[in-house]
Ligand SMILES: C[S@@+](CC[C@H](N)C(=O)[O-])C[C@H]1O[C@@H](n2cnc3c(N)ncnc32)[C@H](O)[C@@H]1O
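Next up: a single chain in structure tokens, the form predicted on its own.
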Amino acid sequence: MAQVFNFVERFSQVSDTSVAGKSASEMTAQARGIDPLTTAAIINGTDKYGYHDYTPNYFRVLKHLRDRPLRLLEIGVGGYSDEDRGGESLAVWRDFFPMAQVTGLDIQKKTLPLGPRVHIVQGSQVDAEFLASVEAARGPFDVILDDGSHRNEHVVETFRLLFPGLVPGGIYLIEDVQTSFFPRFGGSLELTQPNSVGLFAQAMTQLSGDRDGIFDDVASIERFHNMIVIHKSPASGARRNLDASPHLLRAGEGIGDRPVKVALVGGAKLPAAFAGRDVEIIQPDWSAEWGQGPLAGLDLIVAELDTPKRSKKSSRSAGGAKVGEDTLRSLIGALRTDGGVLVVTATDPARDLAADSPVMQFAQQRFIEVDHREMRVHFPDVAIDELATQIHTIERTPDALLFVKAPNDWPSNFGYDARNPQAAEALANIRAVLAHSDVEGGLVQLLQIENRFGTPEDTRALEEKLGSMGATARRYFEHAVAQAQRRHDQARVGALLTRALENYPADPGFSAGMARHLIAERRQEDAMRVLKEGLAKTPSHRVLNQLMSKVLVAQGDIEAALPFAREAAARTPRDQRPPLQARYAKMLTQVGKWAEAERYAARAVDVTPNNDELLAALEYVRTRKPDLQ
């Protein structure tokens, strides 16, 4: 069960002091068994842990590269269109890889102080000429991570453009592949191409035989919740062996001092990774009573397809065609539930692991259904196999398949449930680590989490801690202003917005908030000044134009207010536009512009024809319009 923390006490106890080179936050993380990459994610405030479960998987895949002078490219910096927002995950890569050159790529311009080893470029992830220039200037890359638009056509095209230039032995990672099932991102339940999960589910089936050209250099493919990882073949052309897989080692983790319980089937041998380990080996037949007695709660099963028979009576081997879905289900059912590993190898992979083989058909469906939670977001009636919640990791090499049996029921970020056991554990980890932190990025991320899922007392305590630190993050100001407004603390609202505009003078949201505050304080001239300054920077901002029109109307200058009211209506989404059009029409009548007033009132009614208020506004204009004949 997730541990509960009292943050009102914790935040007043300790700062992030260092002991033997490690901060209090890092020591807390280590004591809780949190890996260093996830610790960096928590401290820097990226959503790759908490709302998602990416960083523990990334750590297994990338930890062997940590101290190498590599080059990493991340597509998607975050922060949407704000130039000074985002970059949390770039900070994570900077901190986790102390010798790396880190490049961030975003469609928006980004100016972020992340240090000399981090460089950000602006451009499209599907612009071939631009990407080639980035590779020439900053590559070749050892690691590429696509956390960009998440549109399926972009993900597929970006892979086709960048994977060929990845260094031999490099790693290509794709996040948020759950959009493969989201129609607004070009996804579908049928995985109609272009589709990221569909593409790599197909690639997985081809690794033992004829391949689509883009997959020629793929050494292996890994699948996790909302993630796909593609390993490129090394320069030597050597095939990737599952003995090198970090996921294989999960079979021996978390079991204390007891021996690793291993079943070897069909003549399979013990993986070299377990040489020297205390192991308890059994060699059952394929037809054994899996899941019963000694064949229950196994740590590792290694099953080899189609080993040549030792004698006519031997039952230790089975042709690939004879091992189907029922057998594989039995093997997975015999594993322990918190990290048991099944490895399926083949002496003739081209036959026994062919795309149309029963083994690969089974594996392909498991590959797809890893994102079962997200599949149900848009397709709530879709049939999902019960194994979907039990298979955490799938790895495919040309010669073998690996399944890790562990809970795979992380809630979708499109329907996040903090009560989910896996999510609750992650949130408890975040709270514990950040109770000792004075790093603003992680604390601001936690502030948003507490605001959604925590108690008001914890949220207020964290807000006060950030305030005492002199926090300047945009998200801190947005939260603190909203809370002060709910408490009707106008003095604090004004003080916070003053500081926010000092740090973000071009932010139209803060300008609008300050204008509203000043209007409420009956300081019309000051509100006018703030609005003029804001509109000089962002002249098309809807709310600033709307507020300016209201201030001018209040001053009796309706003629001057008209262009601002018109711009506000034009910048409002169509379904929300009618009330502003009706207001603009009324203003037009006040200055004698009846024909234009009638046009705008009619437009409002066209959008929402059954709205009595809008119909009344149109009737008012038509009945009072002077006879222009």
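Start at 1 and count along the sequence shown; that's the residue number. Keep in mind that this is a model prediction, so the values were computed, not measured.
FYI, the form predicted together with the ligand isn't displayed, but the following is about it.
- When contacts are judged by a 4.5 Å heavy atom cut-off, S124 counts as touching the ligand in the predicted bound form.
- Not displayed here, the ligand is kept clear of E374 by more than 4.5 Å at the level of heavy atoms in the predicted bound form.
- Proximity of E88 to the ligand in the predicted bound form: non-hydrogen atoms within 4.5 Å are present.
- Under a 4.5 angstroms non-hydrogen atom cutoff, the ligand in the predicted bound form lacks Q581 among its neighbouring residues.
- The candidate stretches are 458 to 466, 106 to 114, 416 to 424, 283 to 291, and the one lying within 4.5 Å of the ligand in the predicted bound form by heavy atoms is 106 to 114.
- Here is the short version: of H150, R475, H392, H517, the single residue with a heavy atom within 4.5 Å of the ligand in the predicted bound form is H150.
- Distance criterion of 4.5 Å from any heavy atom to the ligand in the predicted bound form singles out H154 from the list R250, R336, H231, H154.
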